[in-house]
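Coming up is one lone chain in C-alpha coordinates, specifically the form predicted on its own.
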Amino acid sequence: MRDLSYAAVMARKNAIMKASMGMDYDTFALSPVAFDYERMMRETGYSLEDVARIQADTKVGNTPLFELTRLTEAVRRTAAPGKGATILVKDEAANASGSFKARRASISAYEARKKGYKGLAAATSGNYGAAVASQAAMRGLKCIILQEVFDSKGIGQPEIVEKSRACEAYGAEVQRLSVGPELFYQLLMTLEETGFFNASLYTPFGIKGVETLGVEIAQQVRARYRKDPDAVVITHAGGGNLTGTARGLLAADCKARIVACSVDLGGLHMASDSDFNRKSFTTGHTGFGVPFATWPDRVDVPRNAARSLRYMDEYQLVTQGEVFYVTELLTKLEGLERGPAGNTSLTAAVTLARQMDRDQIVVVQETEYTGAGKHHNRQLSFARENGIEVRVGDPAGNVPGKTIVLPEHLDQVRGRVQDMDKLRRSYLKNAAKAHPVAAWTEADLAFLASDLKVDAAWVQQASAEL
(Lines give C-alpha, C1' and ligand atoms only; values in the text may rest on other atoms or scores of the structure.)
Protein backbone atom coordinates (compact mmCIF):
# COMPACT_ATOMS: atom_id res chain seq x y z
CA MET A 1 0.00 0.00 0.00
CA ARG A 2 1.27 3.49 -0.87
CA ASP A 3 1.59 5.98 1.95
CA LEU A 4 -0.74 8.77 0.81
CA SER A 5 0.06 11.24 3.57
CA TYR A 6 1.03 14.70 2.36
CA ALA A 7 4.60 14.36 3.65
CA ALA A 8 5.11 10.93 2.09
CA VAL A 9 3.76 11.91 -1.33
CA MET A 10 5.86 15.08 -1.44
CA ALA A 11 8.92 13.05 -0.40
CA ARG A 12 8.39 10.82 -3.45
CA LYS A 13 8.26 13.82 -5.78
CA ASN A 14 11.52 13.13 -7.60
CA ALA A 15 10.65 9.46 -8.16
CA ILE A 16 7.19 10.42 -9.41
CA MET A 17 8.70 12.97 -11.77
CA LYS A 18 11.16 10.41 -13.13
CA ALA A 19 8.35 7.96 -13.82
CA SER A 20 6.00 10.58 -15.29
CA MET A 21 8.54 12.38 -17.48
CA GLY A 22 11.54 10.13 -17.93
CA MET A 23 13.81 12.82 -16.48
CA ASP A 24 15.98 12.31 -13.40
CA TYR A 25 16.41 15.70 -11.74
CA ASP A 26 19.01 14.34 -9.33
CA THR A 27 21.54 14.20 -12.16
CA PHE A 28 21.50 18.01 -12.51
CA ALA A 29 21.91 18.84 -8.81
CA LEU A 30 25.10 20.55 -7.61
CA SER A 31 23.87 21.45 -4.12
CA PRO A 32 20.56 22.12 -2.34
CA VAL A 33 20.30 25.42 -4.29
CA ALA A 34 22.50 25.03 -7.38
CA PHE A 35 22.00 22.83 -10.43
CA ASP A 36 23.15 22.66 -14.04
CA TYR A 37 20.33 24.66 -15.62
CA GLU A 38 21.52 24.66 -19.22
CA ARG A 39 22.23 20.94 -19.15
CA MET A 40 18.71 20.35 -17.87
CA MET A 41 17.30 22.41 -20.74
CA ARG A 42 19.40 20.46 -23.28
CA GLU A 43 18.15 17.19 -21.83
CA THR A 44 14.87 17.61 -23.73
CA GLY A 45 16.75 16.77 -26.92
CA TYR A 46 14.77 19.28 -28.99
CA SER A 47 16.29 22.05 -31.08
CA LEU A 48 14.34 25.21 -31.93
CA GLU A 49 13.80 23.82 -35.42
CA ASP A 50 12.37 20.61 -33.91
CA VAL A 51 10.01 22.60 -31.70
CA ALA A 52 8.75 24.77 -34.59
CA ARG A 53 8.08 21.66 -36.70
CA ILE A 54 6.21 19.91 -33.87
CA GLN A 55 4.09 22.99 -33.20
CA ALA A 56 3.21 23.47 -36.86
CA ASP A 57 1.63 20.00 -36.83
CA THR A 58 -0.87 20.99 -34.13
CA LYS A 59 -1.90 24.53 -35.15
CA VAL A 60 0.61 26.36 -32.96
CA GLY A 61 3.06 29.15 -33.78
CA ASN A 62 3.64 31.67 -36.58
CA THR A 63 1.02 33.94 -35.05
CA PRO A 64 0.54 37.44 -36.51
CA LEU A 65 2.31 40.56 -35.25
CA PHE A 66 0.11 43.68 -35.40
CA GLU A 67 1.03 47.34 -35.14
CA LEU A 68 -1.44 49.08 -32.86
CA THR A 69 -1.56 52.29 -34.88
CA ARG A 70 -4.53 53.99 -33.21
CA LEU A 71 -3.41 53.14 -29.69
CA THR A 72 0.11 54.34 -30.49
CA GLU A 73 -1.28 57.68 -31.72
CA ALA A 74 -3.41 58.00 -28.57
CA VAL A 75 -0.32 57.46 -26.42
CA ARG A 76 1.66 60.03 -28.41
CA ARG A 77 -1.03 62.64 -27.71
CA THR A 78 -0.33 62.20 -23.98
CA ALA A 79 3.48 62.06 -24.32
CA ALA A 80 6.16 64.73 -24.42
CA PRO A 81 7.37 65.96 -27.82
CA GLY A 82 9.39 63.31 -29.62
CA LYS A 83 8.14 60.58 -27.29
CA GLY A 84 5.73 57.72 -27.94
CA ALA A 85 7.22 54.46 -29.20
CA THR A 86 5.39 52.29 -31.71
CA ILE A 87 3.40 49.56 -29.93
CA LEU A 88 3.22 46.11 -31.52
CA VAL A 89 1.29 43.08 -30.27
CA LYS A 90 1.95 39.39 -30.94
CA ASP A 91 -1.54 37.91 -31.29
CA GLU A 92 -1.14 34.57 -29.53
CA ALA A 93 -4.91 34.15 -29.38
CA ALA A 94 -4.45 32.75 -32.91
CA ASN A 95 -2.96 29.54 -31.47
CA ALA A 96 -5.08 26.43 -31.01
CA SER A 97 -6.88 26.87 -27.64
CA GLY A 98 -6.46 30.65 -27.81
CA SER A 99 -3.27 31.51 -25.91
CA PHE A 100 0.52 31.19 -25.92
CA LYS A 101 0.09 28.27 -23.48
CA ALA A 102 -0.45 26.05 -26.54
CA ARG A 103 3.29 26.41 -27.18
CA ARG A 104 4.08 25.03 -23.72
CA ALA A 105 1.64 22.15 -24.03
CA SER A 106 2.66 21.14 -27.56
CA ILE A 107 6.05 19.68 -26.65
CA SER A 108 4.76 17.81 -23.59
CA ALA A 109 2.02 16.21 -25.69
CA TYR A 110 4.49 15.24 -28.41
CA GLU A 111 6.94 13.82 -25.85
CA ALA A 112 4.19 11.85 -24.11
CA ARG A 113 3.04 10.31 -27.37
CA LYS A 114 6.61 9.48 -28.42
CA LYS A 115 7.36 7.75 -25.11
CA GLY A 116 4.14 5.74 -25.10
CA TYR A 117 2.22 7.43 -22.28
CA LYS A 118 -1.57 7.02 -22.48
CA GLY A 119 -2.39 10.50 -21.29
CA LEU A 120 -1.36 13.86 -19.84
CA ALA A 121 -2.05 15.41 -16.44
CA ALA A 122 -1.47 19.01 -15.34
CA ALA A 123 -2.32 21.26 -12.39
CA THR A 124 -3.46 24.73 -13.48
CA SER A 125 -6.32 27.16 -13.03
CA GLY A 126 -5.43 29.05 -16.17
CA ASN A 127 -5.34 28.84 -19.97
CA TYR A 128 -2.76 26.09 -19.74
CA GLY A 129 -5.40 23.50 -18.90
CA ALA A 130 -7.26 24.22 -22.14
CA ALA A 131 -3.95 24.14 -24.03
CA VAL A 132 -3.00 20.73 -22.62
CA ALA A 133 -6.47 19.35 -23.34
CA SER A 134 -6.38 20.71 -26.90
CA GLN A 135 -2.93 19.29 -27.64
CA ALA A 136 -3.86 15.94 -26.05
CA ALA A 137 -6.93 15.74 -28.30
CA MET A 138 -4.79 16.24 -31.42
CA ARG A 139 -2.29 13.59 -30.27
CA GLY A 140 -5.00 11.05 -29.36
CA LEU A 141 -4.14 11.13 -25.65
CA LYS A 142 -6.29 11.17 -22.54
CA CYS A 143 -6.12 14.25 -20.33
CA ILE A 144 -6.74 15.12 -16.68
CA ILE A 145 -6.67 18.75 -15.52
CA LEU A 146 -6.64 19.68 -11.83
CA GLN A 147 -7.89 23.17 -10.99
CA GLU A 148 -8.33 25.35 -7.93
CA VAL A 149 -11.81 26.70 -8.62
CA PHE A 150 -13.81 27.27 -5.43
CA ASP A 151 -13.63 28.90 -2.04
CA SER A 152 -15.04 27.06 0.98
CA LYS A 153 -18.54 28.32 0.12
CA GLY A 154 -18.40 26.54 -3.23
CA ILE A 155 -18.26 29.79 -5.19
CA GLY A 156 -16.06 29.61 -8.28
CA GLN A 157 -14.37 32.51 -10.01
CA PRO A 158 -16.01 33.18 -13.41
CA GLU A 159 -12.70 33.12 -15.27
CA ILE A 160 -11.69 29.74 -13.83
CA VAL A 161 -15.15 28.28 -14.40
CA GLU A 162 -14.88 29.35 -18.05
CA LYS A 163 -11.51 27.65 -18.33
CA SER A 164 -13.01 24.47 -16.85
CA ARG A 165 -15.62 24.57 -19.58
CA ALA A 166 -12.92 24.97 -22.22
CA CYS A 167 -10.94 22.00 -20.84
CA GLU A 168 -14.03 19.79 -20.95
CA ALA A 169 -14.87 20.98 -24.46
CA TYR A 170 -11.52 19.57 -25.61
CA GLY A 171 -12.31 16.26 -23.93
CA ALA A 172 -10.40 16.52 -20.64
CA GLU A 173 -11.49 15.21 -17.26
CA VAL A 174 -11.42 18.18 -14.86
CA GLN A 175 -10.89 17.72 -11.13
CA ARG A 176 -12.10 20.86 -9.36
CA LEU A 177 -10.53 21.67 -6.00
CA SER A 178 -11.05 24.35 -3.39
CA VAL A 179 -8.23 26.80 -2.72
CA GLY A 180 -5.44 25.49 -0.48
CA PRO A 181 -2.12 23.64 -0.49
CA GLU A 182 -3.47 20.41 -2.01
CA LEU A 183 -3.15 21.15 -5.74
CA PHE A 184 0.36 19.73 -6.34
CA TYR A 185 -0.27 16.94 -3.83
CA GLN A 186 -3.34 15.85 -5.79
CA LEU A 187 -1.39 16.05 -9.05
CA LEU A 188 1.37 13.81 -7.72
CA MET A 189 -1.16 11.23 -6.54
CA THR A 190 -2.92 11.38 -9.92
CA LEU A 191 0.36 10.80 -11.76
CA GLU A 192 1.14 7.77 -9.58
CA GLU A 193 -2.33 6.33 -10.02
CA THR A 194 -2.68 6.82 -13.78
CA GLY A 195 0.90 6.58 -15.05
CA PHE A 196 0.22 9.66 -17.20
CA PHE A 197 2.86 12.09 -18.45
CA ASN A 198 3.34 15.15 -16.24
CA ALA A 199 2.59 18.11 -18.52
CA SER A 200 3.74 20.51 -15.81
CA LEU A 201 4.05 24.22 -16.52
CA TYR A 202 7.54 24.14 -15.05
CA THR A 203 9.39 21.43 -16.99
CA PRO A 204 12.08 22.06 -19.62
CA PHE A 205 9.61 20.82 -22.26
CA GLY A 206 7.20 23.65 -21.47
CA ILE A 207 9.89 26.31 -21.55
CA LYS A 208 11.35 24.99 -24.83
CA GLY A 209 7.90 25.37 -26.36
CA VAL A 210 7.79 29.09 -25.58
CA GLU A 211 11.24 29.78 -27.03
CA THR A 212 9.75 29.84 -30.54
CA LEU A 213 7.67 32.84 -29.48
CA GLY A 214 10.78 34.89 -28.79
CA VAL A 215 12.39 33.82 -32.06
CA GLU A 216 9.26 34.76 -34.04
CA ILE A 217 9.11 38.21 -32.42
CA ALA A 218 12.71 38.93 -33.40
CA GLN A 219 12.23 37.65 -36.95
CA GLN A 220 8.93 39.44 -37.59
CA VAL A 221 10.09 42.81 -36.24
CA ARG A 222 13.31 42.62 -38.26
CA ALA A 223 11.44 41.69 -41.45
CA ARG A 224 9.02 44.62 -41.15
CA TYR A 225 11.13 47.36 -39.53
CA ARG A 226 14.72 46.31 -40.34
CA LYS A 227 15.68 46.56 -36.67
CA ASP A 228 15.25 44.79 -33.35
CA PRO A 229 12.56 45.74 -30.85
CA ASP A 230 13.83 48.02 -28.10
CA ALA A 231 11.67 46.41 -25.40
CA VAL A 232 9.51 43.31 -25.09
CA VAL A 233 6.87 43.40 -22.36
CA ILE A 234 5.80 40.05 -20.88
CA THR A 235 2.98 39.29 -18.45
CA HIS A 236 4.60 37.60 -15.46
CA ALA A 237 3.06 34.99 -13.16
CA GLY A 238 4.82 31.65 -12.74
CA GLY A 239 7.74 32.75 -14.90
CA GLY A 240 7.56 30.38 -17.87
CA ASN A 241 6.18 32.99 -20.25
CA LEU A 242 9.08 35.35 -19.57
CA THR A 243 11.77 32.65 -19.38
CA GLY A 244 10.84 30.98 -22.65
CA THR A 245 10.33 34.21 -24.60
CA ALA A 246 13.59 35.70 -23.34
CA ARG A 247 15.52 32.55 -24.21
CA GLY A 248 14.05 32.64 -27.71
CA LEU A 249 15.04 36.30 -28.16
CA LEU A 250 18.58 35.50 -27.02
CA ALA A 251 18.73 32.51 -29.38
CA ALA A 252 17.85 34.94 -32.19
CA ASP A 253 20.63 37.28 -30.96
CA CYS A 254 18.07 39.94 -30.04
CA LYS A 255 19.11 42.13 -27.10
CA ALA A 256 15.74 43.78 -26.44
CA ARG A 257 15.07 44.94 -22.88
CA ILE A 258 12.98 42.29 -21.11
CA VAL A 259 10.21 43.95 -19.10
CA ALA A 260 8.03 41.86 -16.81
CA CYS A 261 4.59 43.08 -15.82
CA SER A 262 2.09 41.93 -13.18
CA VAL A 263 -1.16 43.22 -11.77
CA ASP A 264 -0.47 44.55 -8.28
CA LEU A 265 -2.49 42.45 -5.83
CA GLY A 266 -0.38 43.37 -2.81
CA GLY A 267 -2.11 42.51 0.45
CA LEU A 268 -4.07 39.56 -0.94
CA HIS A 269 -2.89 36.02 -0.23
CA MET A 270 -3.49 33.55 -3.05
CA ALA A 271 -3.91 30.57 -0.70
CA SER A 272 -6.38 32.43 1.53
CA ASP A 273 -9.97 31.24 1.39
CA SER A 274 -11.24 34.74 2.18
CA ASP A 275 -8.99 36.46 -0.38
CA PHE A 276 -9.46 33.93 -3.19
CA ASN A 277 -12.57 35.54 -4.71
CA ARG A 278 -11.57 39.11 -3.89
CA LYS A 279 -9.16 39.26 -6.79
CA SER A 280 -10.25 39.85 -10.38
CA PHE A 281 -7.28 38.16 -12.05
CA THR A 282 -6.47 34.46 -11.83
CA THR A 283 -3.00 34.87 -13.31
CA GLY A 284 -0.51 37.56 -14.31
CA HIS A 285 -0.53 39.11 -10.84
CA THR A 286 1.95 39.65 -8.02
CA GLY A 287 0.39 36.84 -5.97
CA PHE A 288 2.20 34.49 -8.34
CA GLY A 289 4.77 36.81 -9.93
CA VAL A 290 6.63 37.81 -6.77
CA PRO A 291 6.74 34.41 -4.99
CA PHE A 292 7.82 32.60 -8.16
CA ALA A 293 10.46 35.23 -8.97
CA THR A 294 11.91 35.09 -5.46
CA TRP A 295 11.88 31.29 -5.21
CA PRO A 296 11.06 29.36 -8.40
CA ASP A 297 11.44 25.88 -6.86
CA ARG A 298 8.07 25.91 -5.08
CA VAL A 299 6.33 23.73 -7.67
CA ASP A 300 5.56 20.10 -8.53
CA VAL A 301 8.94 19.43 -10.16
CA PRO A 302 12.18 19.35 -8.10
CA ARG A 303 13.82 22.05 -10.21
CA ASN A 304 11.79 24.71 -11.98
CA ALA A 305 12.83 25.49 -15.55
CA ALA A 306 10.99 28.83 -15.34
CA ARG A 307 13.45 31.24 -13.71
CA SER A 308 12.33 34.80 -14.42
CA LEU A 309 15.00 36.80 -12.56
CA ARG A 310 17.62 35.08 -14.71
CA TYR A 311 16.29 37.07 -17.71
CA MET A 312 14.31 40.03 -16.35
CA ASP A 313 15.64 43.60 -16.84
CA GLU A 314 12.71 45.46 -15.34
CA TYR A 315 9.48 44.68 -13.49
CA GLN A 316 6.42 46.92 -13.96
CA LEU A 317 3.32 46.76 -11.76
CA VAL A 318 -0.12 47.91 -12.89
CA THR A 319 -3.51 48.13 -11.19
CA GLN A 320 -6.60 46.08 -11.98
CA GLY A 321 -8.46 49.19 -13.10
CA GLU A 322 -5.70 50.18 -15.51
CA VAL A 323 -5.78 46.75 -17.17
CA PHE A 324 -9.57 46.75 -17.53
CA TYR A 325 -9.40 50.26 -19.04
CA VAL A 326 -6.71 49.30 -21.57
CA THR A 327 -8.64 46.09 -22.40
CA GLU A 328 -11.65 48.22 -23.32
CA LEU A 329 -9.43 50.64 -25.24
CA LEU A 330 -7.89 47.83 -27.31
CA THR A 331 -11.37 46.72 -28.32
CA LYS A 332 -12.65 50.20 -29.17
CA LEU A 333 -9.54 51.54 -30.93
CA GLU A 334 -8.04 48.44 -32.54
CA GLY A 335 -11.03 46.10 -32.96
CA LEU A 336 -9.27 43.37 -30.92
CA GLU A 337 -11.33 41.89 -28.10
CA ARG A 338 -8.83 40.01 -25.98
CA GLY A 339 -8.70 38.75 -22.39
CA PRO A 340 -7.55 41.00 -19.53
CA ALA A 341 -4.70 38.70 -18.44
CA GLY A 342 -2.99 39.04 -21.82
CA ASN A 343 -3.59 42.78 -21.72
CA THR A 344 -1.61 43.17 -18.50
CA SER A 345 1.59 43.60 -20.51
CA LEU A 346 -0.20 45.95 -22.94
CA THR A 347 -0.98 48.21 -19.99
CA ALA A 348 2.70 48.41 -19.06
CA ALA A 349 3.57 48.98 -22.73
CA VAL A 350 1.40 52.11 -22.74
CA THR A 351 3.46 53.55 -19.87
CA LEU A 352 6.77 52.53 -21.46
CA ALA A 353 5.85 53.82 -24.92
CA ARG A 354 5.03 57.23 -23.42
CA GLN A 355 8.58 57.40 -22.01
CA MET A 356 10.38 56.03 -25.09
CA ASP A 357 11.39 57.86 -28.28
CA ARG A 358 9.10 57.81 -31.32
CA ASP A 359 11.58 55.85 -33.40
CA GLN A 360 11.65 53.02 -30.86
CA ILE A 361 9.55 49.84 -30.77
CA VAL A 362 7.91 48.14 -27.82
CA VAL A 363 6.37 44.68 -28.35
CA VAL A 364 3.52 43.26 -26.28
CA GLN A 365 4.43 39.61 -26.39
CA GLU A 366 1.03 37.88 -26.20
CA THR A 367 -2.74 38.06 -26.25
CA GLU A 368 -5.34 35.54 -25.07
CA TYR A 369 -8.89 34.69 -26.09
CA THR A 370 -11.80 36.14 -24.15
CA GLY A 371 -15.50 35.45 -23.64
CA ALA A 372 -17.95 34.26 -20.99
CA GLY A 373 -16.34 34.35 -17.54
CA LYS A 374 -13.02 35.61 -18.92
CA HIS A 375 -14.57 38.86 -20.18
CA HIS A 376 -13.63 41.98 -18.20
CA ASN A 377 -17.26 43.01 -17.73
CA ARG A 378 -18.02 39.68 -16.02
CA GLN A 379 -14.92 40.11 -13.87
CA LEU A 380 -16.12 43.55 -12.75
CA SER A 381 -19.61 42.21 -12.02
CA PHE A 382 -18.11 39.44 -9.90
CA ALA A 383 -16.04 42.02 -8.01
CA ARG A 384 -19.20 43.97 -7.17
CA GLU A 385 -20.94 40.77 -6.08
CA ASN A 386 -18.09 40.28 -3.58
CA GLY A 387 -18.49 43.73 -2.09
CA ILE A 388 -15.65 45.41 -4.00
CA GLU A 389 -16.21 49.03 -4.97
CA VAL A 390 -15.83 49.68 -8.71
CA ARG A 391 -15.57 53.34 -9.69
CA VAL A 392 -13.98 55.75 -12.17
CA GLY A 393 -11.18 58.04 -11.02
CA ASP A 394 -7.46 58.05 -10.34
CA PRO A 395 -6.16 54.44 -10.36
CA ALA A 396 -3.72 55.42 -7.61
CA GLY A 397 -6.74 54.89 -5.34
CA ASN A 398 -6.93 51.20 -6.24
CA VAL A 399 -6.87 48.90 -3.17
CA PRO A 400 -6.66 45.16 -4.03
CA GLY A 401 -9.65 43.31 -2.62
CA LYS A 402 -11.48 46.53 -1.73
CA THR A 403 -11.54 48.99 -4.64
CA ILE A 404 -11.06 48.82 -8.41
CA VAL A 405 -10.57 52.28 -9.92
CA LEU A 406 -10.93 52.65 -13.68
CA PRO A 407 -8.97 55.57 -15.16
CA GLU A 408 -10.83 58.51 -16.66
CA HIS A 409 -8.10 59.25 -19.22
CA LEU A 410 -5.26 57.40 -20.92
CA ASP A 411 -2.62 59.59 -19.27
CA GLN A 412 -3.73 58.13 -15.92
CA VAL A 413 -2.36 54.74 -17.00
CA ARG A 414 0.98 55.09 -15.24
CA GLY A 415 1.92 51.84 -13.49
CA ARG A 416 4.95 51.75 -11.24
CA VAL A 417 8.34 50.03 -11.13
CA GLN A 418 9.05 47.11 -8.80
CA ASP A 419 12.35 47.19 -6.87
CA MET A 420 14.47 44.49 -8.56
CA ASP A 421 17.17 44.40 -5.89
CA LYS A 422 14.51 43.85 -3.25
CA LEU A 423 13.34 40.81 -5.20
CA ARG A 424 16.90 39.53 -5.54
CA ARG A 425 17.54 39.84 -1.82
CA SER A 426 14.29 38.02 -1.10
CA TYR A 427 15.47 35.23 -3.40
CA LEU A 428 18.74 34.97 -1.46
CA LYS A 429 16.85 34.74 1.83
CA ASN A 430 14.89 31.80 0.43
CA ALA A 431 18.09 30.21 -0.85
CA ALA A 432 19.62 30.55 2.62
CA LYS A 433 16.66 28.65 4.09
CA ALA A 434 17.34 25.79 1.68
CA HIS A 435 21.11 25.85 2.14
CA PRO A 436 22.94 27.92 4.83
CA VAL A 437 25.04 30.80 3.51
CA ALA A 438 28.11 29.52 5.32
CA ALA A 439 27.95 26.35 3.22
CA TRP A 440 27.73 28.13 -0.15
CA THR A 441 30.55 27.16 -2.51
CA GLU A 442 31.96 28.92 -5.56
CA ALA A 443 29.56 26.85 -7.65
CA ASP A 444 26.63 28.06 -5.52
CA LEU A 445 27.70 31.69 -5.90
CA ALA A 446 28.08 31.30 -9.66
CA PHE A 447 24.65 29.70 -9.96
CA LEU A 448 22.98 32.34 -7.79
CA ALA A 449 24.62 35.13 -9.78
CA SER A 450 23.28 33.65 -13.03
CA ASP A 451 19.83 33.12 -11.54
CA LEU A 452 19.69 36.76 -10.40
CA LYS A 453 21.36 38.30 -13.49
CA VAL A 454 24.14 39.88 -11.38
CA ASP A 455 27.80 39.13 -10.73
CA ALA A 456 29.18 36.94 -7.94
CA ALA A 457 30.45 40.01 -6.08
CA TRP A 458 26.88 41.31 -5.75
CA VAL A 459 25.77 37.94 -4.39
CA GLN A 460 28.61 37.88 -1.85
CA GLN A 461 27.84 41.40 -0.66
CA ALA A 462 24.08 40.83 -0.42
CA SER A 463 24.49 37.45 1.29
CA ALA A 464 26.76 39.00 3.91
CA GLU A 465 23.78 41.12 4.97
CA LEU A 466 21.52 38.10 5.58
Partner chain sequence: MIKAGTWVEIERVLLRPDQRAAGLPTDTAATPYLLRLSGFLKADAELGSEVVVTSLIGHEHCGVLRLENPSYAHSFGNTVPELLQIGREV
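Computed from a prediction, not measured in an experiment: that's the story for all the values here. Positions refer to the first chain, counted from 1. Rigid core here is just the name for the largest C-alpha set that superposes within 1.5 Å across the two forms.
Beyond what is shown, the protein has a form predicted together with its partner chain; the following relates to that form.
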Quiz item: Heavy atom within 4.5 Å of its partner chain in the model of the complex: which of 264, 162, 216, 111?
Solution: 162
Quiz prompt | Heavy atom within 4.5 Å of its partner chain in the model of the complex - the one residue of 341, 207, 144, 107 that qualifies | solution = 144
Quiz item: So in the model of the complex, does residue 378 come within 4.5 Å of its partner chain, heavy atom to heavy atom?
Solution: yes
Self-check item: Contact test in the model of the complex: residue 292 vs its partner chain, heavy atoms, 4.5 Å
Solution: no
Quiz item: Going by a heavy atom distance of 4.5 Å, is residue 271 a contact of its partner chain in the model of the complex?
Solution: yes
Quiz item: With the partner left out of view, is residue 406 within 4.5 angstroms of its partner chain in the model of the complex by any non-hydrogen atom?
Solution: yes
Self-check item: Per-stretch contact check against its partner chain in the model of the complex, the hit in 255-263, 307-315, 171-179, 231-239 (non-hydrogen atom, 4.5 angstroms)
Solution: 171-179
Quiz item: Which residues from 359-395 come close to its partner chain in the model of the complex, meaning a heavy atom within 4.5 Å?
Solution: 371, 372, 373, 375, 376, 377, 378, 380, 381, 384, 385, 390, 392
Quiz item: Honestly, after the rigid core fit, is residue 454 moving at least 2 Å at Cα between this form and the one not shown?
Solution: no
Quiz item: For residue 443, is the CA shift between this form and the one not shown at least 2 Å following rigid-core superposition?
Solution: no
